[in-house]
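First, one chain by itself: the form predicted alone, in structure tokens.
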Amino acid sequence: MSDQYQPQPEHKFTFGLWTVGNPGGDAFGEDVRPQLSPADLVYLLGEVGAYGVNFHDNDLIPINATPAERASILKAFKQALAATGLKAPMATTNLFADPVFKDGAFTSNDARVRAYALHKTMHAIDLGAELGAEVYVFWGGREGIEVDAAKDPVAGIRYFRDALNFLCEYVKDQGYNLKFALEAKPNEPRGDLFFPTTGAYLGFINTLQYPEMVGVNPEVAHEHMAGLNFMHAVAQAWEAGKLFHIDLNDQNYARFDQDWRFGAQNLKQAFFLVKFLEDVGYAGSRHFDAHAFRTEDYEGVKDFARGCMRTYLILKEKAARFAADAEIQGLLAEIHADDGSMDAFKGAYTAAKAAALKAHTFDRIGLGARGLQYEKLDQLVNELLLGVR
């Protein structure tokens, strides 16, 4: 492989223990790869050149681990981080796998389950802070319904708000350097999940007690499952100052959550996402929340991880070529040209400006007849991605 596409620490490429450690089982088949220890997965990620490793609490420490087992696992994990130089920039809590969460965690109808979810999350936050995490992600995998009659959705929203307010206070009280990032998904494993899109969370965040502490963690596959344009969700989060983290993978639209290698399905969408992140100077982790195909052994898992990072870097180079392509940039300049004739109407409202705008005569027919050359622009992008420009 060309050195040009090899990951470097400044790229901040991260993977979760649950991604490279996924043994390849699914609803129709058993595991095809052996389970590796968290420390072994750190060494694997160090071998492929990743920057960091992220984890759910129970990816690292099994939910039934004894204190002695916990200490042993954590010691080996810290030794692996030190040996490889990998960071642990993000952590999260598994609030979806254990049967206690079968009807939700923070939004369960049962107050005892809601309290246990807070208990578990506080312990997991402590673990994340101990390992240096600065972003804490919340994915409400069981926060939803199959039966509308069973839950009051307004109560569910309030329960979720109460939990986040409580945990923000906990983080402040402990003095942790942590921000929260909320991850949306439309469905799966529940029939319908509360807060199905990134936009839903952006609206919700402003109702919190400490909105400055809370942002979003958009995921490619989750927005694509809803048939949406992922880059637009990311742009909205960025414009709001709320893009605290991002999950990169790929997905065939309107399917189950496939979590494919980044760029495996929708290269043009992946290109514009990479271009956006690089153009705006996003400085956070580029986290690959994806899984190797079930066909692979652990050498194939390494191929998968290298492929995620390599595709990102290739598309980053393509974005630079886009910016340097004289024909593309000339066409964009023409498309966005402004002759200054509307300058008097720009800016904040005034009564005089409104009156002048109402009185202005527009060439509606001429404006509607103008060709915009989007076909040509899109073809130039295709040729750039196909490698002939």
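Not measured: the values here are computed from a predicted model. Just count from 1 along the sequence shown to find any residue number.
Keep in mind the form predicted in complex with 2,5-dideoxy-2,5-imino-D-glucitol (DIG) is missing from the figure; the text below concerns it.
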{"query": "Answer option from Ser108, Thr92, Thr311, Ser285, heavy atom within 4.5 Å of 2,5-dideoxy-2,5-imino-D-glucitol (DIG) in the predicted bound form", "finding": "Thr92"}
{"query": "4.5 angstroms heavy atom contact with 2,5-dideoxy-2,5-imino-D-glucitol (DIG) in the predicted bound form for Val137", "finding": "yes"}
{"query": "4.5 Å heavy atom contact, Glu143 and 2,5-dideoxy-2,5-imino-D-glucitol (DIG) in the predicted bound form", "finding": "no"}
{"query": "Close approach of Phe96 to 2,5-dideoxy-2,5-imino-D-glucitol (DIG) in the predicted bound form, 4.5 Å, heavy atom", "finding": "yes"}
{"query": "Proximity of Asn217 to 2,5-dideoxy-2,5-imino-D-glucitol (DIG) in the predicted bound form, heavy atoms at 4.5 Å", "finding": "yes"}
{"query": "Proximity to 2,5-dideoxy-2,5-imino-D-glucitol (DIG) in the predicted bound form (heavy atom, within 4.5 Å), stretch among 313-321, 77-85, 218-226, 121-129", "finding": "218-226"}
{"query": "Within 4.5 Å of 2,5-dideoxy-2,5-imino-D-glucitol (DIG) in the predicted bound form: residues from 333-352 (heavy atom criterion)", "finding": "none"}
